[in-house]
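Okay, here we've got a single chain as structure tokens, the form predicted alone, with questions on binding and movement later.
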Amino acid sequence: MPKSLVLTALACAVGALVSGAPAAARDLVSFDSGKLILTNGVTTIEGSGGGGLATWATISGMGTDRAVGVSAHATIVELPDFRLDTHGIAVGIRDRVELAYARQNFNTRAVGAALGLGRGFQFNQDIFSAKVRLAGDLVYGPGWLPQVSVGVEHKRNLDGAIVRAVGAKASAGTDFTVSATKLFLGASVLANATLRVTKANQFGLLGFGGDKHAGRSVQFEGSLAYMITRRLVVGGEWRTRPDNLGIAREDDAKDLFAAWAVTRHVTLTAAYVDVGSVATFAGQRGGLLSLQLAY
């Protein structure tokens, strides 16, 4: 069944549950959209709530700790030799638990022909993730206590034979994250730090582990953002990545972004992205454009 139909069916099922359930049950599945604008973050290229590259401790959706929130995203990353498309859906439960799914499609364009894969060959990956807020609050509470969340991302590359041929040890892998995020309202500054335990090559698009290093390593993701207005945030991110494959060096990824809340439920994010070398092709710098719908 096409994923668009699955998502439509899921939305209809949730709507039917809310409209048809008794009042007491509806209280458990209510939608209040009560979060402050932009405090739900935007969606990463891997589907979890955060910035464009870095996972944050935020929980997706606009629901508060008394409600459920839902968000959907579509993102395009245009690079000189490649293109990444990602789309997905996330559910936040009482601002405590996040469950998300994302599909990544990585188009190799002319590089695919040069590598013998065929022009426009696409690497495809499914990502299923979950995140739990353990302590703190992004906005409220003691100023020294950030919101802290732990997460898990299970990535399943759909081109196993090919990624193994380039040296990957596996076509599936699981990342683990610990994030601390705080919005200092008085200074209009958001800061985030995330530790990720991973063995993914190019976010998993080239498999997991390699001939240089087969196991997991600890990587860092940092974000710093400034709220120009309550609807416009600018910032930057830095994400270190493992270098597992002898055939292709992998560099750190970074971005400079601007997120604009067009309405309470619609956010548009644009970014300059630098991911360095990809599959022996250096200088992969380009643009990211992401649309997020959140309720």
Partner chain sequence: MMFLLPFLMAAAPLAEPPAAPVPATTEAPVDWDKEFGVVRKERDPVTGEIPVDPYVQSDANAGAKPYSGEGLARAFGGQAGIRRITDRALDLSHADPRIKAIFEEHDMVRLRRTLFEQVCYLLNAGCRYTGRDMKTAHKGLGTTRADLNALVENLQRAMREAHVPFAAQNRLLAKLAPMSGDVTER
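Positions refer to the first chain, counted from 1. Values in this document were obtained by computation on a predicted structure and should not be read as measured data.
There is another form of this protein, the form predicted together with its partner chain, and it is not shown here; the text below is about that form.
Proximity of N107 to its partner chain in the model of the complex falls outside the 4.5 Å heavy atom cutoff. For the chain shown alone, T229 is a contact residue for its partner chain in the model of the complex, at least one non-hydrogen atom being within 4.5 angstroms. Not displayed here, its partner chain is approached by D137 to within 4.5 Å at the level of heavy atoms in the model of the complex. Looking at G246, you'd find every heavy atom of it more than 4.5 angstroms from its partner chain in the model of the complex. Interface residue among L185, A130, L115, A72 relative to its partner chain in the model of the complex, by the heavy atom within 4.5 Å criterion: L185. Of the residues given (L36, V266, V29, A258), L36 alone sits with a heavy atom within 4.5 Å of its partner chain in the model of the complex. Residues placing heavy atoms within 4.5 Å of its partner chain in the model of the complex fall in a single listed stretch, namely 140 to 148, out of 98 to 106, 140 to 148, 217 to 225, 166 to 174. Annotation for 63 to 82: interface residues with its partner chain in the model of the complex are T64, D65, R66 [heavy atom within 4.5 Å].
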